[in-house]
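Here's a solo chain for you in structure tokens, the form predicted alone.
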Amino acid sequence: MNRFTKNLHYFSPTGKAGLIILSLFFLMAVFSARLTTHPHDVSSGKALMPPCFDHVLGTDDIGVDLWSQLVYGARISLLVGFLTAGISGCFGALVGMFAGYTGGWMDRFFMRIIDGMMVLPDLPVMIVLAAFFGPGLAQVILVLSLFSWVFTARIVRSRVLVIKQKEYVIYARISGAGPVYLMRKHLFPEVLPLVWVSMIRLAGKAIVAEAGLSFLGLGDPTSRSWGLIIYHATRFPGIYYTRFWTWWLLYPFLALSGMVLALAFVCRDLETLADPRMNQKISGGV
């Protein structure tokens, strides 16, 4: 982990830009109450007002300030993205470590489950489950977590299969170290960088998936997430034949795209730093 954090200054320009954008979104979510002067769920102006001094990004069809909706929607997107990533990343890491270390029939059992989950079409099944569980933020996070842990489990298992063959792990096992000790002291610190990278990738996918479910009307109707804003905008009759889309639809789309791209840029650089072969190249070139 020290090697991983020490090389963070090797971020590419796009990775640094991604970190800056993510930091701005986090600040927006944390200080949302101080960044807005209008409520995000109550009408505060005329319907479909274009951007002006009082409403910098305009209003929607019922007069709710769009800037306030975007600021508070950042909370929902970040909450869904990183909570889903945290749940699925931790669960997938535990399954991957356990399957990779134990091997045998237990490993084959978990791998058949992972293979079966990976061949399922994510979006159609998520739509069915979201409709079954009903609308709600907790239900959305649950549905997304059910389909997000398999990728982490697979890469962690692959890494554990390599680590458990190393001499210091074999010597520790011969000396009487138990499975829990070996996983906690030797396996988990080695796979932790991969888990962090996987969680960041999962956060981006979860944000897009939540927006997709909300766009289909299966998200939390009270959340005011970015996907729900886009959903209401596209349901407005003839929005593409008017100029309303230039603020009502464009701004939440840009915010969602910026968040996902920032996560992708950061994840790409972290993948490079977490790759042991790349770390050797970096260390050899310095």
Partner chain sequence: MKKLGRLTEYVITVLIILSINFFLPRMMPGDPFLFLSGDQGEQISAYSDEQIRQYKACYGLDQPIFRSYLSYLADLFRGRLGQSLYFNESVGHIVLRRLPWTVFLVCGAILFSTVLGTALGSLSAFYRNRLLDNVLYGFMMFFSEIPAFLIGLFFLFVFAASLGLFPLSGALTSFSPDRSVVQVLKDIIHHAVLPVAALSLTRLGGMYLLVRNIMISIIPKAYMRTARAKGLSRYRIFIRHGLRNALLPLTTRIFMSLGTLVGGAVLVENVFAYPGLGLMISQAVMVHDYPLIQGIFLVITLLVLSANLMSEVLYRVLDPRVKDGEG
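Numbering follows the first chain given and starts at 1. Since the structure is predicted, the reported quantities are computational estimates derived from the model, not experimental observations.
Below: the form predicted together with its partner chain, not depicted.
>> Check residue 93 for me: does it contact its partner chain in the predicted complex (non-hydrogen atoms, 4.5 angstroms)?
In response: Residue 93 lies outside the contact set for its partner chain.
>> Is residue 253 part of the interface with its partner chain in the predicted complex - any heavy atom within 4.5 Å?
In response: Answer yes; at least one heavy atom of residue 253 falls within 4.5 Å of its partner chain in the predicted complex.
> Are any of the heavy atoms in residue 265 no more than 4.5 Å from a heavy atom of its partner chain in the predicted complex?
Replying inline: Yes, residue 265 lies within 4.5 Å of its partner chain in the predicted complex.
> residue 215 near its partner chain in the predicted complex, any heavy atom under 4.5 Å?
Replying inline: Yes.
> its partner chain isn't shown here, but in the predicted complex, which of 98 to 106, 85 to 93, 69 to 77, 116 to 124 has heavy atoms within 4.5 Å of it?
Replying inline: That would be 116 to 124.
> Looking at its partner chain in the predicted complex, is some heavy atom of each of 131, 239 and 245 within 4.5 Å of it?
Replying inline: Yes: each residue has a heavy atom within 4.5 Å of the partner.
> Using a 4.5 Å cut on heavy atoms, which of 57, 48, 29, 230 is close to its partner chain in the predicted complex?
Replying inline: Contact with its partner chain in the predicted complex is made by 230 alone.
> Here the chain is shown alone; which of 150, 195, 137, 208 has a heavy atom within 4.5 Å of its partner chain in the predicted complex?
Replying inline: Contact check passes for 208.
> Which residues from 42 to 81 come close to its partner chain in the predicted complex, meaning a heavy atom within 4.5 Å?
Replying inline: Nothing in this stretch is in contact.
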